[in-house]
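Only one chain is included here, represented as structure tokens and corresponding to the form predicted alone.
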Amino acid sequence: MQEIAPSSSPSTLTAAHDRRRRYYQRIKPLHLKPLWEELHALVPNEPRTPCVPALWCYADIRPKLMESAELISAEEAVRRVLILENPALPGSSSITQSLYAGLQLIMPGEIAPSHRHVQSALRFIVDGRGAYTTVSGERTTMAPGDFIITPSWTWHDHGHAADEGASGPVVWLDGLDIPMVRFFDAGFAENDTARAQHVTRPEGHSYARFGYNMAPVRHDHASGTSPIFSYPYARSREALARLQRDEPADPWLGWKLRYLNPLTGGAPMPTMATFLQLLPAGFNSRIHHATDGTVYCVVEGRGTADIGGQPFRFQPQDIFVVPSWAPLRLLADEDTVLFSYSDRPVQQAIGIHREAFLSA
């Protein structure tokens, strides 16, 4: 708010405030607001997010997910998901102002029918084996720790082939850019005419073409999304284990790798970056700030995430969120692996991403 000269008398100050208040009331019906009353909120000295740190304990959520299977089928629900909503953003279906997160459940013998939408999606497998997802005619089987992409406007369906020796429910973390697309009012979606896609390429086809630091010579990939849509955990975990043997841990991040689009070297999706990091037993990180609010899923290990001075104890399969610019310190009781995703590619594309690594 604009300051009134301190030399003014109390009566003058009161009169000035009254005049301004009456003026604001007169311009309000014209849908006008004075910038000088809003400037500090619109252009803050540093990020002021309404989001709060939070942790979702998987042991508490899993029984609720299983109960949902008794209430509605995957086909009727289209996607049977419990949304992880930031406690400070009720009604928004958002975990941060730009990101969505949910836990999806599919039971043996079920199909979540084929559809497509402009929102980009990622799947990170949390619990169970035997389910699959099919993206643009290529199927991939899901295993815990796998990172799978559904690019914008691609047909995709999920299923659980109980008749092929698989058993038990499968749960994965859905991460989407729904709030970003909603901000631009640019959302489209379409249901397929068939429940499930016809598989036209063998499993592992995209990885064979692009996953070995090579690409077909005559391939023309116009999409900004990685041509690899399934990144198996076994390969990613092996890379972290090799780094742990060969080099010291970064004091802030441990050993942290970002998933790549092999054709560009950038993020696998235009709107979301994804990471996998290993923290050694006894690790106590230095404090790190970043403007990209980040969602974490615990793959292995136990420890504490200190977010803005709030300690959150985590264990495997738990999920927690670090809001924009919140100071983060990670402590590992044992060797710990964390998957995470954020809106970093968008922030970098428009030149607003910022990080700070504190020395103490």
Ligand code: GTQ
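One-based numbering along the sequence shown. Predicted model only: the values in this text are computed from it and were never measured.
The form predicted in complex with the named molecule exists for this protein as well; it is not shown, and the discussion that follows is about that form.
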Can you pick the stretch from 251 to 259, 267 to 275, 110 to 118, 193 to 201 whose heavy atoms fall within 4.5 Å of the named molecule in the model of the complex? 110 to 118
Between the options 235, 79, 219, 205, which residue brings a heavy atom to within 4.5 Å of the named molecule in the model of the complex? 79
Of 140, 244, 104, 93, the one that lies within 4.5 Å of the named molecule in the model of the complex (heavy atoms): 104
I have 100, 156 and 174 flagged as a candidate spot, so tell me whether each of them has a non-hydrogen atom within 4.5 Å of the named molecule in the model of the complex. yes
My question is simply whether residue 135 lines the interface with the named molecule in the model of the complex - judged by any non-hydrogen atom within 4.5 Å. no
The named molecule contact at residue 160 in the model of the complex, heavy atom, 4.5 Å: no
Do residue 178 and the named molecule come within 4.5 Å of each other in the model of the complex, heavy atoms counted? yes
